[in-house]
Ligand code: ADP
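We begin with a single chain expressed as structure tokens, specifically the form predicted alone.
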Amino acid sequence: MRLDAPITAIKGIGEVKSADFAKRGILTVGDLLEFFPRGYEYRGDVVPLRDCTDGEVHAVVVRCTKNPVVGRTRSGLEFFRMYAEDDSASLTVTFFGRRFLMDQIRAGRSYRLYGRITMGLCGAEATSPEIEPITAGKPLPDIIPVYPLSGGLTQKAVRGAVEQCLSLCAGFAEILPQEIRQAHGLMPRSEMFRQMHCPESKEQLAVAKRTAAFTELLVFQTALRCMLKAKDGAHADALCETDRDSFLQQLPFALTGAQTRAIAEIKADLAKDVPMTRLVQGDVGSGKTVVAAAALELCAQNGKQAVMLAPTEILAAQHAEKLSKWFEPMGIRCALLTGGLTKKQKNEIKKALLAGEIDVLIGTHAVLQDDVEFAGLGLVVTDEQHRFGVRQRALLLDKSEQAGGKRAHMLVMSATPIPRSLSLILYGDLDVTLLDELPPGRQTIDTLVLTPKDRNGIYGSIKRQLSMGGQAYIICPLVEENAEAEEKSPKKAAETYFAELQNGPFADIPMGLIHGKLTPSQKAGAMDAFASGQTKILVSTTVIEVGVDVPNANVMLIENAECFGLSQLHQLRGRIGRGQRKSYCVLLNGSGKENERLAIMKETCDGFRIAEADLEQRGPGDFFGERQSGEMVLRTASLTDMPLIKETSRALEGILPLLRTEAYKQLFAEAVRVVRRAGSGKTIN
């Protein structure tokens, strides 16, 4: 066999089993060996029965005291029972649905059992543990791999297939040169594969895991650099201060110290002929839009075009309205490009853009289309960057080069605080500016965690706030009813809930409804009515999660709050507390169970603390959502392992100039493979 041989080359794998392996992305022998266990069972850690902790998983070695006995439950389910003991205590073992094992168990023989041990009235008990006969001269493995399964795959089938292929681990090309492995305490790649699947000891497994994680993080960060291009050698148009009055002088409010510092840092970057690549992080309400606007204006004043990319049409339209209000009196021409425009409208904007008749373009993913061309793109701003992927950033930079050969400056903004570990991975190539100060007058938000039995009281509190001139959001996890409504704890659907509220507790109060399935004009109409105060309550899904700014709204009720991630809850909560009114957020826990995530929301409004907790609990795929899940799949590394992330980041800085040398050609080749798998190979340099 060879690594590129089809999975059917392995004995015992035919068409049916190969289809099951294919569901896990395993098509070749090499794919199988790259399919690492999700965990391990330490069956070599044998303990006496008397030392077992009630309810914990243990490995024990016992003797069968008599042949198994068959029985049936009251419902007719068949089982068989094994009676065993060691030198310290007795054990009763019950097996369900594994009748074939009964013929393999005999009185007087010894077995190793691995499973949950409970203490019953008649002594120690176990239900359907793993069982292995002990045979003289055939030692049992101490550590057993446990693979992620789906479809018809079983642990036995995967382990058996891997066992047949272990000798091929030597065929994997080494990615890291020897000096890197020695400097960081890593083992050769071929040995890493063997130890991951068949560890000889806990110590060897620990080194194999470290080797796998280190390699994966280093390859990922190298791929990121390949995709975005190193800044060294790239050129941009220097954008310098002009004599014209800045729109900042016309603002009816004073900037915070953090905003002033951020604008100064950005303008200093833009004045250079090296492309700016800067990340502006700030919690909800910290004033990132004004900071971005200062950069956009400077670009336009220098005769170059700028583009601002937003993740939703609602947010893009809001930015377009605000920027037009600020810029057009200064002669800066703005335009909005979204998927909701007619074909004719889109074509007119594209034509004007290419002709240089638009200075600042605000848009959604529609801006990324191949036929959107600029006359001279000088600055790219992405708002809510976590909603976009690395690939989208690369596409925008490609457009700037197509438009004139030079690189555009890039400003990346995120209102979802990114944990430091993710910042190093996703934005390791960016300088970071932190907006750590909120504008004066922003209200603190009282957060309550309640249950459905408190619903009438919540409705009464909302009415009181409305009577005092406030407005309220009511957030639902679903758009419409579906099969999930049959669950014991049904999830609220926006459409049906809106009708219930309209005909019930809020029958005399103007209400609006907004969700992702509405047309762009319907969504815009609902938002305009709420922003102008025509409607007092807005029932919504998470479509208003980012950027929506209605200062008068001071109450938010989030139904089924247990269904949302922490960072998403934090973003939703950030839609209130933006004006002078005291604000309240009610998290309605529909599960009836205590929820640690909701408790964190009640304790703090610190977005960075919340983001770290969210990442730790849910992992990067869920943290960033589906838009980036394909780019954030790490099989062995943890994005909460800050020491290893820093170690690989430092290692990469040292080897970047060497990537094209013979010693590092395999690392570079692996990074290129990752880039191409992400779908964009044209920015590799």
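The numbering used is simple: start at 1 and walk along the sequence shown. Remember, it's a predicted structure, so these values are computed and weren't measured experimentally.
There is another form of this protein, the form predicted together with this ligand, and it is not shown here; the text below is about that form.
A.B. asks: Is Arg578 close to this ligand in the predicted bound form, meaning a heavy atom pair under 4.5 Å apart or at it?
C.D. replies: Because a heavy atom of Arg578 falls inside 4.5 Å of this ligand in the predicted bound form, the answer is yes.
A.B. asks: May I ask you to state whether Asp549 is within 4.5 Å of this ligand in the predicted bound form, using heavy atom distances?
C.D. replies: Asp549 belongs to the contact set for this ligand.
A.B. asks: Might Asp614 be said to contact this ligand in the predicted bound form, defining contact as any heavy atom within 4.5 Å?
C.D. replies: Answer no; every heavy atom of Asp614 is more than 4.5 Å from this ligand in the predicted bound form.
A.B. asks: So in the predicted bound form, is this ligand close enough to Val360 to count as touching (4.5 Å, heavy atoms)?
C.D. replies: It does not: once this ligand is placed as it appears in the predicted bound form, Val360 has no heavy atom within 4.5 Å of it.
A.B. asks: Which of these stretches, 549 to 557, 209 to 217, 465 to 473, 535 to 543, has heavy atoms within 4.5 Å of this ligand in the predicted bound form?
C.D. replies: Result for this chain: 549 to 557.
A.B. asks: Would you mind picking the one in Gly287, Pro311, Gly340, Pro452 that has a heavy atom within 4.5 Å of this ligand in the predicted bound form?
C.D. replies: Going through each option in turn, the one that passes is Gly287.
A.B. asks: Could you check which residue among Asn589, Gln259, Ser324, Gln301 gets a heavy atom within 4.5 Å of this ligand in the predicted bound form?
C.D. replies: None of the other options qualify; the answer is Gln259.
A.B. asks: Do any residues of 247 to 264 have a non-hydrogen atom within 4.5 angstroms of this ligand in the predicted bound form? If so, which ones, in sequence order?
C.D. replies: Stretch hits, in order: Phe253, Ala254, Leu255, Thr256, Gln259.
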